[in-house]
Structures are given as structure tokens and as C-alpha cells.
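Before any questions on binding or motion, here is one chain by itself as C-alpha cells, the form predicted alone.
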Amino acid sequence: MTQKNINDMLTSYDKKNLTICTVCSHSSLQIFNGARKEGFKTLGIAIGEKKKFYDAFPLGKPDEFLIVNNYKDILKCTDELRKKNVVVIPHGSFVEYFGADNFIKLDLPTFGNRNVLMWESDRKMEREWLEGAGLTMPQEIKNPKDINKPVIVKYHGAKGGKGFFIAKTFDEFQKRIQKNKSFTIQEFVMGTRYYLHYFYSPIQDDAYKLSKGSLQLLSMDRRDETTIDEVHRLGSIAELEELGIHPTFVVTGNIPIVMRESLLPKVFKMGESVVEKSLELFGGIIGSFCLETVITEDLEFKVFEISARIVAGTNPYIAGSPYSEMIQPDLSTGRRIAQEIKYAAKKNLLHEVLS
């Protein structure tokens, strides 16, 4: 897909009757809820079957479901979806299981810049972007034989921490690595984890102003990860590993958090640098994104990852966060996405926020 294809497609759309569409997973409840609050119709793509639990949440339930057998079948439904004037909202599950390659060729208007998906999913490209923006990242260990201190090994893509592991020696690495997968090795940074939820608008300049558009900070969270967050109850990690019990990092939930106010200037400076570098590299990250950080005891940020879309860590804030409440009451990230699309449609600027 090219931007020209999308622009041509939008000429046939009824801009006053857009439908917000996403896969029924991850952050879909708040996406549908936010779209509803802004007056949009909603459509949920359900894989395999309609999920019954949506009936329990009428304000987060889509107006209509499309049932497909698997993610790739979405590619066969684009004609039907275009007739409904759908705008697709990517989220973590959607991107991971549908695949960045399929998203690139999806023949539907999509919120955000699709080019970001390749930069987000490839760890080397991600590091080029973030370090090029002046952010400090954990040291990368290029040769596993050089492991001489605790490291975390991560596989490429958005996997909710699945498969990630800690190693302290080359032997430990060899025993646990899945050699058929692309991976990166980073130093394990001691500190507290903060996941920062930003929103960048290229078409509105009523917030933290950048060279083009403006930046908002909507919320923050920490991740509840099994088993690393509970393993201390059974003894030290070293003792457990001697018994063959290794900590894992699978995300099972999200915890609301507020940062000390004196750190907020650094938070905005990091977000600004990431956006400005993205404009230079691939035309700009658009909409919601998350910097995943560790703050050391010296109050320095180390950024270990970026998620270039809405993240599940925004889910605790469907009714607004301590930060978004100071922008607008009852403002979730899902609602902010809907507001951006609504504003763009009204100002004839959909081509600036859809790709």
C-alpha cells in the first residue's frame, strides 16, 4: 500500500459516517468505548468466534462483529470493510498476530504511519531510532560469549514478554536460547520500570509544541509479569535457578502509576526527541506510543523499548488518568485516538493521520 492508494480510497469514503474498527483483543474495549463517546460506529473483528464477554461490557462492545477464521482472512474482507467506511486501529495483539508485513499491505485506511511497524519490530532498527534520538538505552551485547554480568535476552516483535529470559553467563545463554528466532541481548538495568504513554498529533498544536504538531502525556503504568514479580517469595533467583526454576517475563496485567513531578521535563524531552527523529527517518510516528523505561537510583532514564501504537498499559485509564484528567475529563487513549480521527475528518486532514 502507498499513501496515494489510501488517499484515493478515502475519496470514496463517507467522512461523516466513519466506522472505527479493530481486532477484539488487547485494548479493544477502550478503543470501542472511546469511539462511542466521540459518536463513531464501531466494528470488532473476532477471530474464530464472537467473544461472549463483550456482552458484559455494553459501553465497550462494538456495534457489529466480523467473524474470521484466522488473522490472515482479514485480507479477504477488505472490500466488505471499505463499504462500511472503516478506519483500522492497530494494537499489540493485532500487529503481532496479523504480522507487520500483512499490515503494510492491508488495503484499508489505518490510523498511524505503517512505516513505523518495521522500525518497531526490528530490534536493530529500533536501537538506531532511539539512540539516534539521543536516548540512553541499555548496553547491547553483540557476542553472547561476552556475557559477564546479568543480561536480558529478548526476541523480536511484540510478544508481551513471552520467551524473554535472564542470563549471567554464556553457558546459561546457550541452554535457554531459541536459536531459530531473532534476538537481542541487553544489559539488565537495575531500577524502577515506568511505561510512558504519549500521544503525538501532527495536525494539532495545542499541547507541548514540536516542529510539527504537538505532544501529550496521557498516562503511565508498570507491568505485572510472571514469574519475575513473585519469584522472590520462594527465595533468591540464584537459589531457584539451581533447582531449574527460571524467572519469566510474561505480562499478565498492568498497574497504574504516577511519577514524581520533577521528572516530567525529562519525560517530555524524550518524547519530543523520539518524534522529531521519526519525522526524519520515516515520516513520523502518529498517535499513541509508549516508551518503556527504567529509572536508575541516580534518576536517569534508560529506554529499553518503544511500542509504536496503543499499549495495554493504557487500559487502567478508560475513565482517564491523573495526567489526562488535566487535559480533559474522562480522556482515555482510546478516546484520544477517536478525537484525532474526528478532528482530521472535520478539517479534511485524514490523509495526515491515516496510512
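Bear in mind the structure is a predicted one, so any value in this text is a computation, not a measurement. All residue numbers are counted from 1 along the displayed sequence.
What follows is about the form predicted in complex with adenosine monophosphate, which we do not show.
Please identify the residue among 173, 249, 194, 103 with any heavy atom within 4.5 Å of adenosine monophosphate in the model of the complex.
Going through each option in turn, the one that passes is 249.
The single option of 217, 210, 274, 152 touching adenosine monophosphate in the model of the complex, heavy atom within 4.5 Å:
Of the listed residues, the single hit is 152.
Heavy atoms within 4.5 Å of adenosine monophosphate in the model of the complex: which stretch among 199-207, 185-193, 74-82, 253-261?
Heavy atoms within 4.5 Å of adenosine monophosphate in the model of the complex occur in 185-193.
Close approach of residue 225 to adenosine monophosphate in the model of the complex, 4.5 Å, heavy atom:
Contact check for residue 225: yes, within 4.5 Å of adenosine monophosphate in the model of the complex.
Consider residue 164 of the chain shown here, and say whether it contacts adenosine monophosphate in the model of the complex, taking contact as heavy atoms within 4.5 Å.
Residue 164: contacts adenosine monophosphate in the model of the complex.
Taking adenosine monophosphate as it sits in the model of the complex, is residue 38 near enough to touch it, meaning that at least one heavy atom pair lies within 4.5 angstroms?
Residue 38 lies outside the contact set for adenosine monophosphate.
Evaluate residue 138 for contact with adenosine monophosphate in the model of the complex, applying a 4.5 angstroms cut-off between non-hydrogen atoms, and reply yes or no.
The answer is yes: residue 138 has a heavy atom within 4.5 Å of adenosine monophosphate.
Sequence order please: the residues of 296-329 with a heavy atom within 4.5 Å of adenosine monophosphate in the model of the complex.
Residues within 4.5 Å: 304, 305.
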